[in-house]
Ligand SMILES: NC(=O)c1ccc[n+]([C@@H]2O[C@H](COP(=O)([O-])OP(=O)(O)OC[C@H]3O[C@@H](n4cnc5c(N)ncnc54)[C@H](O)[C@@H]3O)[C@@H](O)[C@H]2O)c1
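Just the one chain here, laid out as structure tokens, in the form predicted alone.
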């Protein structure tokens, strides 16, 4: 039996990157997974790859009606939610900037996905968990940029991730009485479509690699194990914590 056997999960940003890697791991451990992403083609392809234990949820995380419809579909299919893992994010490379140079549109587009999107998915995910009364596990994705100088120059992105990390902590305090655990995962630089413009440049990649004491940047597979642990019952006493899986970038 897998570590997530029988659990109903939703993963946002599941069409690529960290979310897609987590979906593969969750299905491999026995979960049924709703693949939530605004890229309908990507989640459909991932659902076909993963088979009957996965289903697509084409959703704009910044639009509440779209998010509400996605969780209503989870309710219709399975009547409950056990795990929510929020991975959907944007990083507007070439547009993000220090605040005195930052265009308000860049701020709004970044926060619409990275913070508003997490809020909306947590809001409707918590409601479904509370309806079932069996508790659950929420996992939000933070960033070292939300805490340290590794985010210098990325003021919209860094502030959005700091907001997510603050939301994670206060939610943990308020929902523990409902047996809902809320934790965060803090990745380092991970090679995904989001970071492709950075890692494709040899000089930038060398600089990013040097920031990680472990000597390399990460992959989506590097993030899957901690997500499975936090989704599983073996982490039943963990809530309100941030789990750093960042190659050591935050301790330099």
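Since the structure is predicted, the reported quantities are computational estimates derived from the model, not experimental observations. Numbering follows the first chain given and starts at 1.
Although not depicted, the form predicted together with the named molecule is the subject of the following passage.
Problem set entry | Candidate stretches 99 to 107, 127 to 135, 165 to 173, 85 to 93, one within 4.5 Å of the named molecule in the predicted bound form by heavy atom | That would be stretch 85 to 93.
Problem set entry | Among the candidates 205, 194, 226, 44, the residue which, in the predicted bound form, approaches the named molecule to within 4.5 Å (heavy atoms) | Contact with the named molecule in the predicted bound form is made by 194 alone.
Problem set entry | Proximity of residue 188 to the named molecule in the predicted bound form, heavy atoms at 4.5 Å | Yes, contact at 4.5 Å.
Exercise. So in the predicted bound form, does residue 27 come within 4.5 Å of the named molecule, heavy atom to heavy atom?
Worked result: It does not: once the named molecule is placed as it appears in the predicted bound form, residue 27 has no heavy atom within 4.5 Å of it.
Exercise. Do residue 18 and the named molecule share at least one heavy atom pair within 4.5 Å in the predicted bound form?
Worked result: Result yes; residue 18 sits at the interface with the named molecule in the predicted bound form.
Exercise. Applying a 4.5 Å heavy atom distance criterion, does residue 39 contact the named molecule in the predicted bound form?
Worked result: Contact with the named molecule, yes.
For this session: Could you list which residues of 49 to 72 come within 4.5 Å of the named molecule in the predicted bound form, counting heavy atoms only?
Result: Residues within 4.5 Å: 59, 60, 61, 62.
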